[in-house]
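A single chain comes next, written as structure tokens; it is the form predicted on its own.
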Amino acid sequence: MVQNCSILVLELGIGILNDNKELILSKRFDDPVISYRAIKNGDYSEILEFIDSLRSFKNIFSNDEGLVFQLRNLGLDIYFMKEEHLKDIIENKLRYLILCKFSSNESDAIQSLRKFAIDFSSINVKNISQKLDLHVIQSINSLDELDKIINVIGSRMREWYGLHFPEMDHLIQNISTYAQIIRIAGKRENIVLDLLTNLGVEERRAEMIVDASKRSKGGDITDENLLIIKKLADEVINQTELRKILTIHVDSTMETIAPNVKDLLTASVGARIIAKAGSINKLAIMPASTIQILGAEKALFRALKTGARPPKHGILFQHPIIHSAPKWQRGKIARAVAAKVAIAARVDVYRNAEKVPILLETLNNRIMEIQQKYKEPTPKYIQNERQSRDRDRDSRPDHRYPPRRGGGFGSKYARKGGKKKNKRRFRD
């Protein structure tokens, strides 16, 4: 054993220095970005060719923790550098690049590091942007915005066409069917039984619509106004078709990146949870208590500030089981669902989306147990609800005797007016 040495993993290559900071061996990367990323991801194939040369040294130090672990498994006596040595490498990066013969001078080293930083950032941005969970977030956000657009345009279309045929508004609830009737028939006189049945309207309801069109109290409509309403109907139909495409896309993508979360929450609710968390990786490191209240942050901070009862659920309330459960069961079911979602997200991330059916089975058993055990509200729940109602009632202003502006006895306006009148009478 001769002496100690240091292995430096730098952006442009690998250098081996002795105790006097003299170069022993060095290797410049052919493609610095790819090689450096490979080393940081645990691929040390480019360093293995130095193994035989390193065995002659007594102690070896390195600035890369992964490399220390890898070479220690190969039988080398290697240690991670001390903090002051690491700080020296960072502060004098240009000098070490020149010392390892990766650059000829400081100007060349600065240019090489600048190019490396730009290429490295570009690859990172590209890799992050092509992650499927980010596309799921965009898809589910687009789906929610499409719902708002369809509701706004559909409401305007119904109200406008209702001037011509108001009776159809309460007979057809489906906005897409309503829009198709307008696009195909136009005026109410053209609405016939065959048209409605072809659009999927049940026969009895279709007969009611045809009968209503004959005795409608709505006014006539001009061709110009009808043309604009048809344009609105076309837009509703197109947006509805786009919504169906997005729904299928969200379902298929969730099956690819998070099948366990999808099984527990359904595709749409699972996608909204991922969107609120920021990514599937961020969801995987969240505790169950945080997942349970995702989407209810305002209520949580209000509870922390005022001392009110904290929220039991956030986005999880959209889950069919929680939404349909009695109020006294929702908190317990939401807690059980959040606990399983935390496990499912970690399985999806760290086991490459391996499907684990036992998670859903265990959750269903737990929900059945809650439903059987808490069929009726507990006395504690009833007491808390009563206290909550009393607290809300006490915090609200008393509206039984609203003050009359400028009039009633005790009103500030009356008091002010009275003083003014007294002053006027005294002056007179």
Partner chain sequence: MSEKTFAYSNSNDFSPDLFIKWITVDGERNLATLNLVPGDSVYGEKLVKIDKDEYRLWDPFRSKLAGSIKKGLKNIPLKIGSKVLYLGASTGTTVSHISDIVGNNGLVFAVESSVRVGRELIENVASKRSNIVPIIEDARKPNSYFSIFGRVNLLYCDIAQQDQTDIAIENCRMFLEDGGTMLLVIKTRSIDVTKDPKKVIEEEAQRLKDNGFKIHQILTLEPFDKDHGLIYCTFENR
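Numbering follows the first chain given and starts at 1. What you see is a predicted model, and the numbers here were worked out from it, not measured in a lab. We call the rigid core the largest set of C-alpha positions that still match within 1.5 Å between the two forms.
Although not depicted, the form predicted together with its partner chain is the subject of the following passage.
Among residues of the shown chain, Lys87 is one whose heavy atoms approach its partner chain to within 4.5 Å in the model of the complex. In the model of the complex, its partner chain sits beyond 4.5 Å of every heavy atom of Phe57. In the model of the complex, its partner chain sits within 4.5 Å of a heavy atom of Ile110. Although the partner is absent here, Val152 is not a contact residue: none of its heavy atoms lies within 4.5 angstroms of its partner chain in the model of the complex. Across the options 114-122, 152-160, 243-251, 212-220, residues that bring heavy atoms within 4.5 Å of its partner chain in the model of the complex belong to 114-122. For the candidate spot formed by Phe165, Glu235 and Trp328, no residue has a non-hydrogen atom within 4.5 angstroms of its partner chain in the model of the complex. Among the residues Phe50, Tyr36, Tyr44, Phe61, the one placing a heavy atom within 4.5 Å of its partner chain in the model of the complex is Tyr36.
Residue-level contacts in the model of the complex: of Lys93, His135, His323, Arg72, one residue has a heavy atom within 4.5 Å of its partner chain, and it is Lys93. Along 7-25, a single residue, Glu11, places a heavy atom within 4.5 Å of its partner chain in the model of the complex. Superposition on the rigid core between the shown form and the other one places the CA atom of Lys131 less than 2 Å from its counterpart. Comparing the forms between the shown form and the other one, the C-alpha position of Val347 differs by less than 2 angstroms, with the core used for superposition.
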